[in-house]
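A single chain, nothing else alongside it, follows as structure tokens in the form predicted alone.
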């Protein structure tokens, strides 16, 4: 498959670097201000040079000398949308995806915004196109949460819950292990690069909530006999509480009772909730560090648990490229 990769952050760069290993060819790459497109817009026998793209981005801050619009107009089979997540109108990612669909091309998203905030609009665009969308990478990085729910069939899944943000989990794990307070561990996480300079998206529960919103939409629309009867979720429908107000004393008291605290997100076809919750200290949900876990409650197969790396360039790129393979 010929790929146009929009977004040159950690995920986009990893997709460019790894695509060849999965049997795909990158014919265009764009960041917010530049692009590089293979000769002939992708009709040439070889695509762009992955090493040159990554090196140019590191050295000059651009991926090439073309205009970003040139990448969107290239001759590709699948658009990979890996720009940063934005809320509300989910732009520019939403327009990138719909532009691909208007050309009857496929789109694979790592960007959570369009799937979480405009799921109904995306479905409408897909209905009018010969292209399809996939978005495994929007939930849990390398963890195959969306495809597992789809394989089981959403009508047979009663709930999906789990630890879905590595930054928050790292902070809670360190607080429990060392008896430290939130502010101290946050500073440590920022020094290590685990937390952003502005950690709000992670520690306030927004990132986990977006992932749960996406899962709720998969469950709601997947279980509905008529899509018109499905409930569409956005972030505004989620009940969200972060970890800023979790005191170290709460973790110490929990440990005395054989429990700990984790930021747990849960999605059903009716609700989305994210909040710190007490869980057994040696239980399935008590993953440590930056690990994530997804727990799927099913009607006939009981409870399924899938854990692994919930973020990271190569990890998330593997989910993107897995989706590309599903479109072949």
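Computed from a predicted model, the values in this text were never measured in an experiment. Residue numbers count along the first chain shown, from 1.
A second form of this protein, the form predicted in complex with a further copy of the same chain, is not displayed here; the remarks below concern that form.
a further copy of the same chain in the predicted bound form comes within 4.5 Å of a heavy atom belonging to residue 144.
Although the partner is absent here, residue 46 sits far enough away that none of its heavy atoms falls within 4.5 Å of a further copy of the same chain in the predicted bound form.
Among heavy atoms of residue 153, some come within 4.5 Å of a further copy of the same chain in the predicted bound form. For residue 25, no non-hydrogen atom is located within 4.5 Å of a further copy of the same chain in the predicted bound form, even though that partner is not displayed.
Across the options 266-274, 47-55, 299-307, 63-71, residues that bring heavy atoms within 4.5 Å of a further copy of the same chain in the predicted bound form belong to 299-307. Taken together, the three residues 148, 322 and 326 all come within 4.5 Å of a further copy of the same chain in the predicted bound form, as judged by their closest heavy atom.
Scanning 251-290 for heavy atoms within 4.5 Å of a further copy of the same chain in the predicted bound form gives just one residue, 282.
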